[in-house]
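To begin, one chain is listed below as structure tokens, in the form predicted on its own.
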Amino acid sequence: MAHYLAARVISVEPLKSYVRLTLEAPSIAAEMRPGQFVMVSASPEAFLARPFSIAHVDGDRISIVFQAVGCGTDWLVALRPGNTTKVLGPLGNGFCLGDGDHPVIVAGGRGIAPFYDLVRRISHLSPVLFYGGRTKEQIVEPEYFERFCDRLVITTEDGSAGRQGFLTDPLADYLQKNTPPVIYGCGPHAMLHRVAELADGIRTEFSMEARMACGFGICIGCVIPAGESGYRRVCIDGPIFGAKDIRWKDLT
């Protein structure tokens, strides 16, 4: 059940090239499942809210991790403790947590956001995380993920942190020797397409990004090509999809 409320700002913290915004939102925190998202009003003047994965849940607080890329997110960065902003959520489906050992998580850049809470909840399954970015500035809080993961593999395209190259290279090596019960993924569509190719029959759950205006299926602005034909709405049919559900060749 989604809730619409005026959430009090607890903190706004820089996180290398990203920002973490923590909000007091008791009803959303109580019902959120890893992989779900919220719509956050970008400013009092903005007509449309912005969608963000819920990263952390701590008591009656939630946090989002995002990149400031325009006027809406710039306004969120300018918020101060004690301010309020309108929030709708939790929205969408969530990850299936499963029960098999060593599930694999694949996160590209800001695609790490939905996995903060997931790794905490499945730490008893000893997850393996492949985390990549263009530079070390896109690799945030590796020490947090090391606490909950059996193994953390970091890659950067420029070699400034971890192994140089794309994260799909060490992932391919790992999957040649291991068959995880599930692969969770979030990041650029091209990266997820490659992960889908590597999965080769392994169950996949990908958090898909799309621009959206409402968050609950009315505007039909967040559709992606899925199924044999037609489209599905990321907001209510997702944001979690199996790789086989997506028509990658039609995804732009």
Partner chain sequence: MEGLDVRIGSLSLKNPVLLASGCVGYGEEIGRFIDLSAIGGIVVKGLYMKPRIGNPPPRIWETPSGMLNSIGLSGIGIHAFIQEKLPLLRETGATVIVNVCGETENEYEEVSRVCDATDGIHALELNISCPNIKENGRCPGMNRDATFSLVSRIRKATKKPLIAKLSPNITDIASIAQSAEEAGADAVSLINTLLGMAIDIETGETRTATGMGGLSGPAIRPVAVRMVYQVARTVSIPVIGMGGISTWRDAIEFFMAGAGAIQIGTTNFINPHVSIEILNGIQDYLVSRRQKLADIIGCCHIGPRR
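Positions refer to the first chain, counted from 1. What you see is a predicted model, and the numbers here were worked out from it, not measured in a lab.
Although not depicted, the form predicted in complex with its partner chain is the subject of the following passage.
At a distance threshold of 4.5 angstroms between non-hydrogen atoms, R50 is in contact with its partner chain in the model of the complex. Proximity of M212 to its partner chain in the model of the complex: non-hydrogen atoms within 4.5 Å are present. Contact annotation for C149: none of its heavy atoms lies within 4.5 Å of its partner chain in the model of the complex. Although the partner is absent here, L88 lies within 4.5 Å of its partner chain in the model of the complex, judged by heavy atoms. For the candidate spot formed by M1, Y4 and I236, every residue has a non-hydrogen atom within 4.5 angstroms of its partner chain in the model of the complex. Residues placing heavy atoms within 4.5 Å of its partner chain in the model of the complex fall in a single listed stretch, namely 212-220, out of 25-33, 60-68, 191-199, 212-220.
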